[in-house]
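Consider the single chain below, provided in structure tokens and representing the form predicted alone.
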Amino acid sequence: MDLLKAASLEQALDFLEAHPGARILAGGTDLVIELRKKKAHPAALLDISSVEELKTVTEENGRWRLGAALTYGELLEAALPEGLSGLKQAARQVGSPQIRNTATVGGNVCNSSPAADIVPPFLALDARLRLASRQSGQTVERVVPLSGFFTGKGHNCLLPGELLREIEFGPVAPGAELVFEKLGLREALAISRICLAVYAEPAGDGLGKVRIASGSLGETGQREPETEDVLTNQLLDDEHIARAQTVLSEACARRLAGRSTLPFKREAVMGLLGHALRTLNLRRDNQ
């Protein structure tokens, strides 16, 4: 097996051009397990854990860019807007401290698990992915919305020779809040049974733009547009909260029809959404 530990993004892209079937190793928290269990047999491995260009956090004109090789520990230390505490809350609930200091944001996205904790917050932020590759010696970049990245459980539209360079989102409206909720057997360490993220912008006494995304309620993390429609440009009162809970529960029932977990998840998701929306109300009252 060919192995390269890249020192720069250019070197990483050169290696991928020569070995388009190579697997990318960042934190290794998923890939190393696959290798040990002999579930993965790559002809080449590319270690990008030391590529500094992939570990940056930058902001320009309100748009935030997170390097794909940023670890969860580094994300927790990043100077992000206060309203995005839900992003750090999701990062804080990924595994143990040892895992958070190794696992990367980009690795979690590219692993494309429906239970990935960090995916719903990025979906709720309407994030886009910057994918880089080398073609005939030139660096080529394409940008895809995260909502269109996943093609199934464990699958995505990353092409051979491509590398996830950055996750981009924003601008974040003044007073906007991102809330994250997770239901697992334990608060951290455990894989999510359900996770949910709600991004809401204020408008007068109510809400303006609302984006909601879920994890573990289907084959991939996904937006919940019907529930968003119930809350967008509405007062965040008991009536609208109850209506949103019902609509999300019905969407869950259609998606998980026939599964043994449906009765539990249908009830649980209502509780998670209700808690998220009441947390939003509480934060608005304290502003």
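Computed from a prediction, not measured in an experiment: that's the story for all the values here. Numbers follow the displayed sequence, beginning with 1.
Omitted from view is the form predicted in complex with a small molecule, to which the following refers.
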Decide if the three candidate residues L25, Y72 and T104 all line the small molecule in the model of the complex, where lining means a heavy atom within 4.5 Å. yes
Assert contact_stretch over 159 to 167, 78 to 86, 207 to 215, 121 to 129 against the small molecule in the model of the complex, heavy atom within 4.5 Å, equals 159 to 167
The small molecule isn't shown here, but in the model of the complex which of A251, I241, L31, A44 has a heavy atom within 4.5 Å of it? L31
Among the candidates L146, V172, A115, L183, the residue which, in the model of the complex, approaches the small molecule to within 4.5 Å (heavy atoms): A115
Test of understanding: in the model of the complex, would I99 fall inside 4.5 Å of the small molecule by heavy atoms? yes
Tell me, yes or no, whether V179 is in contact with the small molecule in the model of the complex, where a contact means a heavy atom of each within 4.5 Å. no
Residue contact check: Q93 to the small molecule in the model of the complex, 4.5 Å heavy atom: yes
A68 within 4.5 Å of the small molecule in the model of the complex, heavy atoms: yes
